[in-house]
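A single chain comes next, written as structure tokens; it is the form predicted alone.
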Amino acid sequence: MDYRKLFDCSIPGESVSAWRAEGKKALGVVCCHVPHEILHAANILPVRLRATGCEDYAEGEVWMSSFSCSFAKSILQFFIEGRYDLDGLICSDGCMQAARIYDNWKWISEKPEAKKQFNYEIGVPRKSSPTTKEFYKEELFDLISEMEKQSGEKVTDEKLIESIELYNESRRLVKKVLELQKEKHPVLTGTEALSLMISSTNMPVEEYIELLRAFLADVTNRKPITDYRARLMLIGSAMDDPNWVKVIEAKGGLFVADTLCHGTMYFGNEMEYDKSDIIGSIADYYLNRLVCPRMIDNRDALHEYILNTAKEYQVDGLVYQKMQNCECWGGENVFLEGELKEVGIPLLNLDREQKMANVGQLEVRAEAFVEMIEKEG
């Protein structure tokens, strides 16, 4: 099976168009707290929204203001341009900017001349407790009711379990891919690894699983990477354009680990579930898994995860990329810098926008960082 589709991050994906051509619905999803398992159980395709390749978000900025992050403005821009031909949008309040995508697109899509869209938002607490879990469970029950209306199909516990098992299989397979990065000479660049994870947003989970299996079956035929100069880890704001990684890797860095919400953190560990409380199990999973600093009670755990992952993957340096006006990752380096210094891991801070700009400056800083690691190593 040809698995090259795993490395295609273009928008829109052909699999999404094929799905809708069969008369089935596909809904855009913003942020990480809308459970894809619920949409899948309703026979609706969840399409995690990205802004890869957006060069001009002028119209998005008109609606969202210059103080919004360019990732959010670019997603809205793609909606306005019609790049995403979907049946609607489901958003969680993962951050203030994500919620503004929903607010503005709902307003735009309700204009008399606009194509009618389904628009829905769920509330997700910013800490995990018995009280917040019950609130989130009610939000998920409401979401199920809305999905049943959209698809005309009943969401049963049996269907939810089938969906959970499918997504767990994708998590297991991605974990096997990421295990390859622990090798001294991996067979996958960081650019390829991020592309492989991002491509999951372009297709049904069943197709993604088959492509992952085909890739893993062919791993032994791939040539090990031996010419890198430093093993790196990438953390920070939403990163959906592998070209950022490619620029740094061209200067001798090799990204072997990440904590990106479009990368490793999106997949996370497998979901454990209690058959007597499936919705409660889904709520537990999405409230407690580590994704980003939005949860006010998981920062220590997130920092510990970053440090442990850096050690596990034998990282020589860490790249912290921060989107301008990023609410969640705006100041996390203030806390992390000291912790990393204690364990002897150098940190490169990069401020960036969604658009690939100032590439020359990025190249200079990347090369200087790699050289510093070589001299100190």
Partner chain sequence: MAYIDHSPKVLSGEMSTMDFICTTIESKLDYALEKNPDTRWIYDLQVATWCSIRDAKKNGKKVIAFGGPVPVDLIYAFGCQPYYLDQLPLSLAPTTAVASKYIDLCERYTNQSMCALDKIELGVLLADEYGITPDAFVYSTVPCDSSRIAYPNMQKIWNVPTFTIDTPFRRDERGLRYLAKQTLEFIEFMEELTGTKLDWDKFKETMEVANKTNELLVKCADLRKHTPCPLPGTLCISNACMSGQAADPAMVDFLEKQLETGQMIIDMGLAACPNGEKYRMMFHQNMLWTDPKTYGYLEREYGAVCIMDALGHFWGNYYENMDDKDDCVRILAKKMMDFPMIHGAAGPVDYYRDRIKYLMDNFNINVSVFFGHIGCKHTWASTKILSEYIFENWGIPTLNLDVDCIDGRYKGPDEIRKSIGEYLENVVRL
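Residue numbers count along the first chain shown, from 1. All of these numbers come straight from a predicted model, not from anything done at the bench.
Missing here is the form predicted together with the partner chain; even so, the following discussion is about that form.
Highlighted residues Met96, Asp142 and Gly330: every one comes within 4.5 Å of the partner chain in the model of the complex, counting any heavy atom.
Among the residues Lys159, Arg229, Arg171, Lys106, the one placing a heavy atom within 4.5 Å of the partner chain in the model of the complex is Lys106. The contact with the partner chain in the model of the complex, taken as any heavy atom within 4.5 Å, belongs to Pro125 out of Gly280, Pro204, Pro125, Gly252. At least one heavy atom of Asn325 is located within 4.5 Å of the partner chain in the model of the complex. Residue contact with the partner chain in the model of the complex: Leu27 places no heavy atom within 4.5 Å of it.
Within 4.5 Å of some heavy atom of the partner chain in the model of the complex lies at least one heavy atom of Thr132.
Of the heavy atoms in Ile296, some are within 4.5 Å of the partner chain in the model of the complex. Figure note: of the listed segments 33-41, 49-57, 317-325, 340-348, the one touching the partner chain in the model of the complex, with heavy atoms no more than 4.5 Å away, is 317-325. Of the residues in 334-355, those that come within 4.5 Å of the partner chain in the model of the complex through at least one heavy atom are, in sequence order, Val334, Phe335, Glu339.
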